[in-house]
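Presented as structure tokens, the chain that follows is alone, the form predicted alone.
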Amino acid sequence: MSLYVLGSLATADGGGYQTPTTAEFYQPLWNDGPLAITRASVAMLLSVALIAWWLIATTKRAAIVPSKGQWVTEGLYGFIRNGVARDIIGSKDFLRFVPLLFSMFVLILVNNLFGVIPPVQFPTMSRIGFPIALTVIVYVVYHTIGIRRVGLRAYFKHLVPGGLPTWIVPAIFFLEVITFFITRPLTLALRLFGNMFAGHMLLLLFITGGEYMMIHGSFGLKIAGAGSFVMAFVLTIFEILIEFLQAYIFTLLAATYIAGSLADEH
């Protein structure tokens, strides 16, 4: 399905198929502006409630032989604890960061999966404010650890490798400050936001476009509409994989940055 085909369905008076816009990601449910209660904020609150319920329900009667729910919870926890925190941060310091990393992974994963789970069908992380908020938490923890470990002056001094010519030190220091305090947090937030935004936009395009062609199109366009629904199904499967991957990448990078702040050479 192409935008050209859909555009050909528009009528002379400007009617016809309307492609999805960024307004699809705002959707205020009550009020408007900064104090609005939006679909994204409701989805976030719902995810927190569901995660809390699930963790309590699957762990309050923990047994040596786990139930299916306990097995899933322990599997996710073990994956983050051993496969991310311990492997990246190291066996000496990793335990105190496991709650943060596990919470971030589960929160991001559930909110990403909301994008393909009815009746929500809205990826919360497609609203840039949520990835930014999580990134701020990561960077407050990351820089606080480094400053407390070596002191503020030494922390900034270690941004520049030793042995460089004096004349190049200011330029390197400037570039490192940009990297550590601007580039890294921006890319961490934008990577998660961009993938969730683009994936949801594509799904909207194929689903709404297919629906329009099936209802309003000629016989040939109805066939194209059916193909559009098939593509939507394929993209949904692919999107689920991306949603898992993005939750993992965000958590992995958070662990990597924390490990860097604990390294002796930092």
Partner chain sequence: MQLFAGATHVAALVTAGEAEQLPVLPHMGELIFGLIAIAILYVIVQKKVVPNLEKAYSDRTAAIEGGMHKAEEAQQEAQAALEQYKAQLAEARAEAGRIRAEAQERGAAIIVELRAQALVETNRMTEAAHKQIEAERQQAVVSLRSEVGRLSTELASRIVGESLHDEARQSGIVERFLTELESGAIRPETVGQDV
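Everything numeric in this text was worked out from a predicted model, so none of it was measured. Numbering follows the first chain given and starts at 1.
Only in words, not in the display: the form predicted in complex with the partner chain, which the text now covers.
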If we define contact as a non-hydrogen atom of the residue within 4.5 angstroms of the partner, is Pro185 a contact of the partner chain in the model of the complex?
no
Considering only heavy atoms, tell me if Ile89 and the partner chain come within 4.5 Å of each other in the model of the complex.
no
If you check in the model of the complex, is Phe193 within 4.5 Å of the partner chain, heavy atoms only?
yes
Given that the partner is absent here, does Asn82 sit within 4.5 Å of the partner chain in the model of the complex, heavy atoms only?
yes
Quick one: in the model of the complex, does every one of His216, Leu245 and Leu252 get a heavy atom within 4.5 Å of the partner chain?
no
The single option of Leu29, Ala62, Val234, Leu241 touching the partner chain in the model of the complex, heavy atom within 4.5 Å
Ala62
Pick from Pro165, Pro170, Gly151, Gly78: which has a non-hydrogen atom within 4.5 Å of the partner chain in the model of the complex?
Gly78
Given the stretches 143 to 151, 95 to 103, 156 to 164, 170 to 178, which is the single one in contact with the partner chain in the model of the complex, using a heavy atom cutoff of 4.5 Å?
95 to 103
When the partner chain is considered in the model of the complex, the residues of 104 to 131 having a heavy atom within 4.5 Å of it are Met104, Val106, Leu107, Arg127, Ile128, Gly129, Phe130
